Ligand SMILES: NC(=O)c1ccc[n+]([C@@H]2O[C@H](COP(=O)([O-])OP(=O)(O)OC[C@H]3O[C@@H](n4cnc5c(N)ncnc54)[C@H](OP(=O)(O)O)[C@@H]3O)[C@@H](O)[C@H]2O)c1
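One chain comes next, on its own, written out as C-alpha cells in the form predicted alone.
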C-alpha cells in the first residue's frame, strides 16, 4: 500500500512510499481510508518525528479486515476513526474503541474532519462545566476546533467572544453562534467567566487579565510558539481564578463513544463541520504548507483516490 512517511527534512517533511499493508491484531480493525484530515499538531511532530512514527489521527473509510475478538463490525462497514497515528495511508489499523459507525447521511469528507478537533471541543466543554449565560472568550478561534467549540457552546447558551486574525476568518463563527468576533484580547470589554486559550505567549497573560474574579482559564496549546509568563502578583483580572492545563486524552469516555456523539450531532443537523479546503491526498505536502500559512479556515481534508 501507499503511505506518507516522515523524512525529518524541513524542506519536504513527508514522502509518499510503498510499504506493507498492516494486519489488525486482537481488538483492532483494518480501515480502508477514504479521507483524512490534517492538524497543526501533526505539522509540529513532523519537525522532529520519532522513530517509527507516521502521521494521521483523523480518518474515515470502510472496514477492510476485522481482528480477532472483535464483535459487531463487518467488512464494508463505514466508519470514522481516531487512530494513534499512521492514518495518512491507504489502510490504517485502529483499536475498535476508537471507531464509530457512519450513517449514510454523513459523508467521508465530513466525517474525516470530526476526530481530533471535535473530540477536543466536546471534552473542553465538559471541563468547563455548565456555561449557559456565561461570557466565554476563545482565542485562536478560526481553525476546526474553534468552529466546533463555538457551535457547541452557543447551543448551550454561552455568550461567546471569538478572536481571529482577520474578520474574514471569523465570518462563519458569527453564523455558528458567536456573539462577536474580534482581532485581539485588547479589543474585548469587561470580564469573562471562561477563557479557552490556545495561542500562548502574551495572549494568555492578557486573557488572564480579562478573567472574572473566580473565572476559569483553560490552556490547551501554544500556537504562537512563544512561552508564557504570568505574574501572579499582578492583581488585574482574576483574583481567585483557576488556571487549568487541558489534554483531550484525559477523558474517561472512549474516543469511539465520543465520536458517536459527534456523528449523531452532525446527522441531526446540530453540528456543522467547517471544511475550508478539500484536496487529493497526493497534494498533502501542499496542504501542509497551506495549513502552516494559515490559508485555510476550519478543517483541511484530503481524499484518498486513485490519482498517482
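Positions refer to the first chain, counted from 1. These figures come from a predicted structure and were not determined experimentally.
Just so it is clear, the following notes concern the form predicted in complex with the named molecule, a form of the same protein that is not shown.
- Taken together, 188, 205 and 237 are entirely out of contact with the named molecule in the model of the complex: none brings a heavy atom within 4.5 Å.
- Only one segment in the set 90-98, 68-76, 215-223, 105-113 has residues whose heavy atoms sit within 4.5 Å of the named molecule in the model of the complex; it is 215-223.
- Not displayed here, the named molecule is kept clear of residue 211 by more than 4.5 Å at the level of heavy atoms in the model of the complex.
- Of the heavy atoms in residue 40, some are within 4.5 Å of the named molecule in the model of the complex.
- Proximity of residue 165 to the named molecule in the model of the complex falls within the 4.5 Å heavy atom cutoff.
- Although the partner is absent here, residue 294 sits close enough that one of its heavy atoms falls within 4.5 Å of the named molecule in the model of the complex.
- Proximity to the named molecule in the model of the complex, taken as a non-hydrogen atom within 4.5 angstroms, holds for one residue of 178, 137, 199, 86, which is 199.
- Shown without its partner, the chain has 246, 247, 248 in segment 239-272 as residues with a non-hydrogen atom within 4.5 angstroms of the named molecule in the model of the complex.
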